[in-house]
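Next up is one chain by itself, shown in structure tokens, the form predicted alone.
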Amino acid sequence: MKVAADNAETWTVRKVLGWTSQHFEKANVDAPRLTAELLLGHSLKVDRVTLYTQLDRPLNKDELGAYRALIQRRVGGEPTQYLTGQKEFYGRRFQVDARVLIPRPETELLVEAVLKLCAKDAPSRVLDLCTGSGCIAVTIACERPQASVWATDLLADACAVAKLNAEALGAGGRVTVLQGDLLAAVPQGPRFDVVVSNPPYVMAAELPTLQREVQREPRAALDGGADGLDLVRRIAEAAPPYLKAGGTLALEIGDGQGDAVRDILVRAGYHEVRIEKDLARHDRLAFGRAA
């Protein structure tokens, strides 16, 4: 997007969106039109609906400069969500940045499954491991007001983001965020009805093959070791003493990992082990019930 020094050329919202969409398409940016709208709305501090009510509005030099900088960063591989600082998850707007993994739609399936395990009108206790942005823990707390939710993450930066989201979304008083290595951060006390986690499950050798945008996300939130299941094994082995009798371990897993995860859970002593697929028929969720 070149802006003449004398500003003779008028760049309206309509024109800017059209140019940017074409530019993103040529640069192989996913969802070029949507990305253009999200970045322009963020730059102008308006939502996408407002953009379409102001299609003939001209942008001034400063607005064009700020938007052009976002375009360059997006073409350079920075995820849209990091540029806007937010990602919608389960109907709520979570704050995200390079300190945490960007919430995925598939993880909403994990949340839905956990919500079915927590009564709407009775207290329950849920522990979320590898919480990252806090999207799982905070959503459960918001959807189940009587639930007491704990969340842990190894990284202090991730814990800071999770706490921020809990406060911003009205769950600060019911989500306890602790920094530490999985369950080691959780003090002994009442056991949990559900231990849930979206752990790192990408095989280390596959990390260099991921989309460049994904490679901008924290490696610690992606790298699951040689077979992608290092953290799954550790969680499966460590969780039983923290689960109530009959409590459930619920995990997000990668495609093709179902058989291996089923074996891990069975060997760790879980009952009623099952693997569920997502809408694309990929292995996505794993469940085991504690004795």
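On a predicted model such as this, the values are computed, not experimentally measured, just so you know. Residue indices: 1-based, along the sequence shown.
The same protein also exists as the form predicted together with glutamine; that form is not shown, yet it is the one meant from here on.
*Asks:* I need the one stretch from 115 to 123, 217 to 225, 172 to 180, 154 to 162 whose residues put non-hydrogen atoms within 4.5 angstroms of glutamine in the model of the complex.
*Replies:* Selected range: 217 to 225.
*Asks:* Which one, Tyr201, Phe94, Phe192, Trp150, lies within 4.5 Å of glutamine in the model of the complex by heavy atoms?
*Replies:* Going through each option in turn, the one that passes is Tyr201.
*Asks:* Which residue, Ala185, Leu109, Leu101, Cys142, is the contact with glutamine in the model of the complex, using a 4.5 Å heavy atom cutoff?
*Replies:* Looking at the other structure, the residue within range turns out to be Leu101.
*Asks:* Does any residue in 236 to 270 get within 4.5 Å of glutamine in the model of the complex, counting heavy atoms only, and if so which ones?
*Replies:* Heavy-atom contacts within 4.5 Å come from Glu252 alone.
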